[in-house]
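Only one chain is included here, represented as structure tokens and corresponding to the form predicted alone.
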Amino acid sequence: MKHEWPLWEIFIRGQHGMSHRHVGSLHAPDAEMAVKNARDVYTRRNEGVSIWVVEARHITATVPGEKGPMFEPSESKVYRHPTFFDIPDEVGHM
């Protein structure tokens, strides 16, 4: 029987930013090896300062085709939009 290593999703934080960005996937036997492989594959030019690896089976995602029920309720909450608030002149440019 064929045994395949788990799939890991790789997120890299660049030198000029605070957020991690999904850059790809790879197979590895464990998290430690996934980090090492991600470093070799996705940060060859010193563009990363932090690596996150997440085993793909632990990710839960919405289905793009069913976005209506998930995201439509936010449209009825106008108070969440920045245009709902008056900004005092003292604040300056925002």
Partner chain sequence: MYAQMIKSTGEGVKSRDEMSPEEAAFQEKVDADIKIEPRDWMPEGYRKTLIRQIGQHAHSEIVGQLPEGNWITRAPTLERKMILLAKVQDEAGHGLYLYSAAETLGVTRDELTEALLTGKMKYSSIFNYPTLNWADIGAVGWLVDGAAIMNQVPLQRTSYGPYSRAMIRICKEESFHQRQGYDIMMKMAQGTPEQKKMAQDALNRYWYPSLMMFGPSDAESVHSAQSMAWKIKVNTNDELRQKFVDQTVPQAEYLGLTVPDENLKWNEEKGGHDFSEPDWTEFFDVLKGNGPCNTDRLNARVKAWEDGEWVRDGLLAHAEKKAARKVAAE
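Positions refer to the first chain, counted from 1. Keep in mind it's a predicted model, so treat the numbers as computed, not measured.
Here the subject shifts to the form predicted together with its partner chain, a form of this protein not shown in this document.
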{"property": "Distance check, residue 26 to its partner chain in the model of the complex, heavy atom within 4.5 Å", "result": "yes"}
{"property": "Non-hydrogen atom contact residue 67 with its partner chain in the model of the complex at 4.5 angstroms", "result": "yes"}
{"property": "Heavy atom of residue 58 within 4.5 Å of its partner chain in the model of the complex", "result": "no"}
{"property": "Interface membership of residue 52, its partner chain in the model of the complex, 4.5 Å heavy atom rule", "result": "no"}
{"property": "All of 77, 87 and 89 with a heavy atom within 4.5 Å of its partner chain in the model of the complex", "result": "no"}
{"property": "Residues in 24-57 close to its partner chain in the model of the complex, defined by a heavy atom within 4.5 Å, in order", "result": "25, 26, 27, 29, 30, 32, 41, 42, 44, 45, 47"}
